[in-house]
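As a starting point, one isolated chain is supplied in structure tokens, in the form predicted alone.
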Amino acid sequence: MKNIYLPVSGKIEEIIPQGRDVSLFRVRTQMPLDHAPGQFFMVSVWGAGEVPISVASLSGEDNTVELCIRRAGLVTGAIHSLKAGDPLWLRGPYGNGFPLDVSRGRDIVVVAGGIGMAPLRPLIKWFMKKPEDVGQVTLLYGARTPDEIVFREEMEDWKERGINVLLTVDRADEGWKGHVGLVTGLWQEVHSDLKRATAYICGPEVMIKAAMGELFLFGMPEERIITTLEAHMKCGVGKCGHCYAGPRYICTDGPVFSYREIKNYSLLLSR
């Protein structure tokens, strides 16, 4: 029987800075780890511990996984101290992925805040690979400052490939010429019919709550308002109970949920 607690060893191939205290780690593993957008891995450094990290890449044929990690604690700090060539250990992938059937033939609205862009990045890549399957794709992305915008260079390429990219920051600097304010203040620049579109959301909890509630008020059906949630996880497989919220385990029932699934429960409350 496969040991669900046994990680697979990997080697860091490249570390790409993505704004303040955030880097993209490209990791090559010993075996293919097929994963879907929205799933996560338990990532560990010997002597430091283990932490859940969302997948920031599509499955490929070269045994690599991309993880966008913010330095925020002991384990993520230990990961950020590593360099190319160092080992990193992964368990997974775990959880469900973003449902893609609800997007077929529809315009897409992707709403992201801060490092919440990481699990949504594979979705953008998927829609660019399958342009015939969806209509207009619009990305609404907010960061605290221009220096904290992740995947900024990639977003320029996304624009050239037809993605409507709308950016905003909480605090502008002298060189910022774009929008300043909440990401939910960009609705008026979305030209899709929200009643017929599908939305995918990830970011701070306050942003998720606001975006889901406002999209519902705009007439978007509950089952097409989709988010991915974070939680303090220790096992990732529904054994430890750390991520239990309401009647759900974030790790096994999620981390992806529709508004219909969570609107009456406390999954968005601090855990």
Ligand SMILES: Cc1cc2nc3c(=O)[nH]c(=O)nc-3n(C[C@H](O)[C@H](O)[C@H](O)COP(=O)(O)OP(=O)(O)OC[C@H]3O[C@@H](n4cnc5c(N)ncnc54)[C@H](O)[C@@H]3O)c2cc1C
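The first residue of the shown sequence is 1; numbering continues from there. None of the values given here were measured: they were computed from a predicted structure.
Not on display, but discussed next: the form predicted in complex with the ligand.
The closest non-hydrogen atom of Ser54 lies within 4.5 Å of the ligand in the predicted complex. Of the heavy atoms in Gly73, some are within 4.5 Å of the ligand in the predicted complex. Residue contact with the ligand in the predicted complex: Val45 places no heavy atom within 4.5 Å of it. None of the heavy atoms of Leu194 is located within 4.5 Å of the ligand in the predicted complex. Note on the partner interface in the predicted complex: the residue among Leu33, Met207, Ile69, Ile226 having a heavy atom within 4.5 angstroms of the ligand is Ile69.
The partner is not drawn, yet in the predicted complex one stretch among 96-104, 183-191, 126-134, 110-118 has residues with heavy atoms inside 4.5 Å of the ligand: 110-118.
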